[in-house]
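Have a look below at one chain only, the form predicted alone, in structure tokens format.
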């Protein structure tokens, strides 16, 4: 196994490197991706980068943390201290608006109007599984193409699986180009279906009774209009996918020291390697490091034995402190085992840790503190 020093994720080197143009924070839901993304963006901006952070966090905590009244699909400037040498903007993904923008770009005005007014499209663009992840990638491509920022930090959607962010473009494409969609949307009297005659009409009639005749009509109209822009959607998805593989992109996998979250992180690291996507390292949030000093060398068994001795002697307060210390040591040992198992399984992936805080982060100083914890992880402060 590689040494502990070689495993450290050097966050400052990552955000300072002008070759780093995109940082993607990914991981299971509820592990602190949004806070990590915001902290990385803030630290980069205060060190001279011109940064934009895009979030899909439905809780909208990022706006409050950044000192903004609200966030929307337009990048908003974040107020930074005077000594900051860079700039920072933040925005929240508007899935429907982003989908509409792509349709308008690839279709003529009349065709775009037909698509945008179609009830099937309105459902697809707001609630179909994978659309949010697809549009997060689409917005990333738009921001990169604009050239307005030299660093884009992406907070990936809180999906059931972190892999959804990479799978969404292909999944949505397969759906739109799938056989079932083609079957349901094909006019009964045209093409190969003409040969089926009454048999096809019977099938179509049965399906119509199940899903509704109006649904079939809306679907047919949608596919007919969307065929002209589908190639553009596929091309853009493939271009953004290649952008994620480019040397200027860095993936930061975020986890907490819990079995399920670390397993999800491991799956994602494997997927990144399979798809030849550049992994910068792993951020483990909410850890419980031991305080420095002689007490850190007192193991759990000795602390428990000392506590039992003091309890028998009637010294309940120091005994309670020793038992708390023993519990903390055991928690840290469990966290270390999870960490070392993942590092060993993935060839010494670099790691940065952020200690658990007594409360959530709700302001810029709190985010700045997270950034400092990431930057100084494992090297003392």
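Numbering follows the first chain given and starts at 1. Only a predicted model underlies this, so the values are computations on that prediction, with no experimental measurement involved.
Below: the form predicted together with a small molecule, not depicted.
A.B. asks: Does the small molecule come within 4.5 Å of any heavy atom of residue 285 in the model of the complex?
C.D. replies: Yes, residue 285 sits close enough to the small molecule in the model of the complex that at least one of its heavy atoms falls within 4.5 Å.
A.B. asks: Is there a heavy atom of residue 34 lying 4.5 Å or less from a heavy atom of the small molecule in the model of the complex?
C.D. replies: Yes, residue 34 sits close enough to the small molecule in the model of the complex that at least one of its heavy atoms falls within 4.5 Å.
A.B. asks: Does residue 318 make contact with the small molecule in the model of the complex, using a 4.5 Å heavy atom cut-off?
C.D. replies: Outside the cut-off, so no.
A.B. asks: Please determine whether residue 360 contacts the small molecule in the model of the complex, using a 4.5 Å cut-off between heavy atoms.
C.D. replies: Yes - in the model of the complex, heavy atoms of residue 360 and the small molecule come within 4.5 Å of each other.
A.B. asks: Since the partner isn't included here, can you check whether the small molecule sits close to all of 28, 354 and 370 in the model of the complex (heavy atom within 4.5 Å for each)?
C.D. replies: Verified in the model of the complex; spot residues all in contact, yes.
A.B. asks: Heavy atoms, 4.5 Å, the small molecule in the model of the complex: which of 47-55, 34-42, 309-317, 328-336 makes the cut? Say which one.
C.D. replies: The contacting stretch is 34-42.
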